[in-house]
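Let us start with two forms of the same protein chain, each given on its own as structure tokens and named structure 1 and structure 2.
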Structure 1
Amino acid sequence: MKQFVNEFISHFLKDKEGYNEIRETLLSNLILLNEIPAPTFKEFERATALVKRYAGYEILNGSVDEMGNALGIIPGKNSENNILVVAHLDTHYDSTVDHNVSVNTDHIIGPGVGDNGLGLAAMATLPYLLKHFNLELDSNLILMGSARSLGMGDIEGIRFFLNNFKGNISSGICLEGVKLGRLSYSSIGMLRGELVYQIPEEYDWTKFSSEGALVNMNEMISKILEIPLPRKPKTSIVLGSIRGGTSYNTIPTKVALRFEIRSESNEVVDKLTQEIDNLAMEMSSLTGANVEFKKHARRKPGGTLFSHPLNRVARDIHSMMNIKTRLSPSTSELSAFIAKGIPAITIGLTHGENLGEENEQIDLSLLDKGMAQLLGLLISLDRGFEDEED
């Protein structure tokens, strides 16, 4: 198997003329899908467009489900096994942002091209690639543009699918545009929360500590940063965004802080959650303001072992193409697979810059390796790992 995959990848990378057409299809999918705005909970138009991209290929059940996931199935020769390839549909950008992308000789620029326009485009290109290389899989290949993935979406799309799909999913690949070499096979414990500090209308401004919501939130942030974090198990608190205030000279009455607690230990996540809860109550009683702690998403740690054949195959493919493997835990779609005990990994497809900015940029020169990696993995997953175990 290993030899077959290696030969396939070598052939893929050497056939420059064939790759030009693959690149055109991939970029075309990227442009046409990425330019449709898809903020979390508003992915329907992009989902519909993705299903339309399957037209002309032998795809069964091309449809958008009730959660907004865009699905299609390429039937395999043995219909009992299913491999699920998933890329999230939603982006961090509001519909009002100009989603048009610009294509240059060696890069593409535009909001969300890396996260996750490229992942989605790579998935949409799989039917074409299988046809192009005349590859017929044993397993059914389920393609899924997952809705409600980011932020408050809380990977609701894939969780819905895995809870309701009647067949057996043997393994999964989650696609992210960036970064080539990424390999995630475990999920860390996570709590995604929001602290909302709001001063009531009838607030007594002569009261002690009444400098306004921003100052008090600042104090709360300082206290969060003073919480001692263990080095083992690895733990961190990421302060992701803060919103509040309207002008230069108006004292703000509402401020919201979004953050994530991440730890390899579920107990540590629980303990830190409790500590932040206590801080919120303390600040509320000290200032008389309402401090609400909203919990948007929770993940438990888990995953396969480093030595699992799926992970080993992924590392071998990287090694064969001189790609440096970057191991990192994930809190996205992979967590849903892990929660169901399904072996799965998350991979990246190329390098990028300005991630999360409207001028997000991805490198086109590495896409051949990114796509060869994906197909190599798919073939390996389809044909099993029997000869990988020794």
Structure 2
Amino acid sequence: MKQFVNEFISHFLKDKEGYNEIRETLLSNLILLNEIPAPTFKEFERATALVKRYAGYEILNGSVDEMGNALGIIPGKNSENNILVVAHLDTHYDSTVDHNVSVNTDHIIGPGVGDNGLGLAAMATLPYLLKHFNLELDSNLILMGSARSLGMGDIEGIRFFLNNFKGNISSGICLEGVKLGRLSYSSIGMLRGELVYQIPEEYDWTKFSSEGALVNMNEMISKILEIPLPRKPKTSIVLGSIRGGTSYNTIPTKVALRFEIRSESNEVVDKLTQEIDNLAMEMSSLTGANVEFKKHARRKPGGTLFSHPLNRVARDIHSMMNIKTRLSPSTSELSAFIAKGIPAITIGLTHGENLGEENEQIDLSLLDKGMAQLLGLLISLDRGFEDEED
């Protein structure tokens, strides 16, 4: 199998004329899907557009399920096994943001093109690629644009699908636009939380600690940063965003801080969660404000071993194409596979810059390697690693 995959990838990368057609289809899908706003919980229009793309490739059972996932199935020769390829539909940008993208020779620029317009476009292009190379898989190939993935969505889309699908999912690939060489096969422990500090209307502004919500939230942030973190297991507290206040000459009465606790140890996540909960209660007691600790998402550590055949194949493909493998844990859709005991990996397709900004951009010159990597992995999954060691 390894020789076949290597020969296929080599042919893919040398066929410049054929790749130009593939690239045109890929970019067409990227522009179509990325220019449709899809903030978390509001992905329906993008999901519908993806299902229409499925219909254009004559994919069976194209539909949007109850959770808003966009599903399509390419039947294989052996209906017993199913490979699930997933890319999340939602983005961090609401509908007020201009979603138009600009394309030049080497880059595409626009909000969410790397996270995760390109991942969606690559998945939508897979049917075209299989037909282009006359590849008929033994396994059924399930393509899913997953809804409610980011933030408070808490990967609801894929968890709903895996909880309700009646067949056997043998393996999975999670697609992210960035970064080429990424290889995630494990999940770290994580709690995604939000501290909301709100001063009630009847608050007595003459009392001690009446500087306003921003000042008191800043004090709370300082206390969070003073919490001692272990070096082993690896642990961090990531402060993601803070929102509050309106303008000059006003005292803000409500501030929200969003953050993540990450650790290789589930017990450490529990301990830090309790410490932050205690800080919230302490601040509420000292200031008389309402301090609420909202817990939006939780992950447990897990995953396959470094030596698992799927992970070895992914590293071999990277080595063949001179791609530097970047091992990193994940807290996205991969976590849902891990919870069900399904071997899966997350990969990136190209490099990017300004991630998370409205002028996010991705490198087009590496897309041939990104797509060759994807097809090589798909072939390997379909053939079941018969040439690999146990």
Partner chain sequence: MKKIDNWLKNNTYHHSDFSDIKKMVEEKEKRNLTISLCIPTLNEAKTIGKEVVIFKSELMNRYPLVDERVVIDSGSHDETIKIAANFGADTYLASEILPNLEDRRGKGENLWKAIYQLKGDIIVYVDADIKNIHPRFVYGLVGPLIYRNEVQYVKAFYDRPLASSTGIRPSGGGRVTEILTRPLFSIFFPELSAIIQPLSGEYAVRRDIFEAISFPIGYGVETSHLIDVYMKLGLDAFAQTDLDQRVHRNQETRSLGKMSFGILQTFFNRLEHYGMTTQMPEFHKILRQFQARDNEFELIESEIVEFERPPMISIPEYIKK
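As the structure is a prediction and not an experimental result, all values here were calculated from the model. Counting starts at 1 and follows the sequence of structure 1. Between two forms, the rigid core is the largest collection of C-alphas that superpose within 1.5 Å.
Colleague: Looking for the form predicted on its own among these two structures; is it 1 or 2?
Modeller: Pick structure 2; the other is not the form predicted on its own.
Colleague: Against the rigid core, is the Cα displacement of residue 41 between the two structures at least 2 Å?
Modeller: No; residue 41 is a residue whose C-alpha shifts by less than 2 Å between the two structures when the cores are overlaid.
Colleague: How about residue 56 - superposed on the rigid core, does its CA move between the two structures by 2 Å or more?
Modeller: Shift at residue 56: 2 Å or more after core fit.
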